[in-house]
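Quick setup: one chain, the form predicted alone, written in C-alpha cells, and binding and motion questions come after.
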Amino acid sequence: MRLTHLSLNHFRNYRSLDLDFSGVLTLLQGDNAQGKTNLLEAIHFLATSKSIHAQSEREVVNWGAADEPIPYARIAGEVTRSDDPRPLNLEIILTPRGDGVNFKKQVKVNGVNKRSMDLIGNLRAVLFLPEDIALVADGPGVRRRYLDIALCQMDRAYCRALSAYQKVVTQRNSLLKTLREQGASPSAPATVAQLSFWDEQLVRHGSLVMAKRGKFIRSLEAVACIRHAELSDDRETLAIYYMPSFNPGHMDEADYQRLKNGRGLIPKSVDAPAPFPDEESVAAHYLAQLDARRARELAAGGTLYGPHRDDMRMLANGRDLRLYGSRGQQRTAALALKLAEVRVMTEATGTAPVLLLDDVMSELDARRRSALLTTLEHVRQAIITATDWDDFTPEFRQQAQRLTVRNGRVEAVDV
C-alpha cells in the first residue's frame, strides 16, 4: 500500500497543495510551525477519518477558506496497492453545517459518497508524534484511543462492534441513571428485566471488542519486545499487558490485581503465555460481572465495566513505565509500540501501512537513531519530518525524496 498523491485545499495552513510521493522514503524538512505536522495529520485524517489534534472539524479549516463562496476544506489522496493495479481515490470534504460554527464531513471513495466507517482501511497509516509519549505516561483514555484507531484500520468487524457498543453504553447509562433516581432495588424483578436487554447487547458487542483487543496486544508485544531491545541496546526487556476493567480469565486473579494497582512485574511463564480468551469465554465472564455488580452500577448511575474502561500496562525490566519510567524510557517504549504496529498491521491485512514519523530523530540519542534508521529499511513507505537535515546520514538522505516545507508550501530540494 502506497500513497502516491496528496491534494489539500484550505487544510490547516495549506491553502492549496498537490504533492506526488515518488519513493519509499520521503523526508520533509522545515522549521517549526511551517506545516510539516499538518501534512502528516492530513494523511492520517485520510486514513482514519479523524483529526489527531482537533476537537472538531472546524479547527482544521484554514481561515482563508472564508474567502470562498462556500468555506470548505478538502483532503484527497491517491492510493495504490500491490494486489490491485487500479488506483484508489479517497476524499474528505468539510463544509459548514449552517449554524455558523460547525462543519460537516463528506467522505468519498472513487467519487462515490460513503460513510466515514467505509473510508477506514482503504489507506492504513501508523503515525508517531513527539507527544505520543502520552501512550505510556498519560491516562487509560489515550491508550484506548490508540487501540481503537489501530484496530479499526485493520478490522471492520471491530469498528462496527465498537460503534454499536458505544451506543449501547449511552442507552444503558441513561437507564441506570433513571433507575437510580427512582430508587430501584437491584434485585427487583422489574429492575433485572429492564437491564437484561441492555446487558445482553453490551456483552454481545463488548466481548468482541475485548477479544480482539486482547489478541492484538499479544501480537503487539511479540514484535515490540524485539524493537524495544534494538532501541535500548538490549538493556531493557519490555512487557505489555492488557488490563480490562474486569478479569476475563486471561491471568491469575492475584496477578491481575497486582498489575492493575501498578505493583510491578508479573513474571512471564517460561513457556509461551496462554492466548487471550475467545469471545464466548469473555462474554461469560462479562455477564457474570454485570450480574454480580448490579447494585454498584445502580448506585453509580452508569456502566462501570467494559471496553470503555480498559487499559494497557507497559513494563520495562519489571517496572511500570507510567509510574516509574523516565521520559527517555517512555519515549522508547512508545516508538517500539508504533514500529510493532506496522508489522502487526502488515501481517493481519497483507498490506503494509504508511509509516508517518514526526520529528522523531530530535528526541533520540545517536544509538536509538541508528536503530530506527535500520528499522526503516524494511518499510514500504515512510514519510518523515525533521527540522535538521543532519538528523539523517548522507546515505539515508540520498535514498529519499527530499522536500522542504515553508509556510504551507512544499518544494523539492537537493541536499
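Under this definition, the rigid core comprises the largest set of C-alpha atoms superposing within 1.5 Å between the forms. Everything numeric in this text was worked out from a predicted model, so none of it was measured. Residue numbers here begin at 1 and follow the sequence given.
Not pictured, yet referred to below: the form predicted together with a small molecule.
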| property | result |
| --- | --- |
| A66, heavy atom within 4.5 angstroms of the small molecule in the predicted complex | no |
| The small molecule contact at D365 in the predicted complex, heavy atom, 4.5 Å | no |
| Close approach of K36 to the small molecule in the predicted complex, 4.5 Å, heavy atom | yes |
| Partner contact for N32 in the predicted complex: the small molecule, 4.5 angstroms, heavy atom | yes |
| In the predicted complex, segment of 55-63, 370-378, 42-50, 343-351 with a heavy atom within 4.5 Å of the small molecule | 55-63 |
| A33 C-alpha relocation of at least 2 Å between this form and the one not shown, rigid core basis | no |
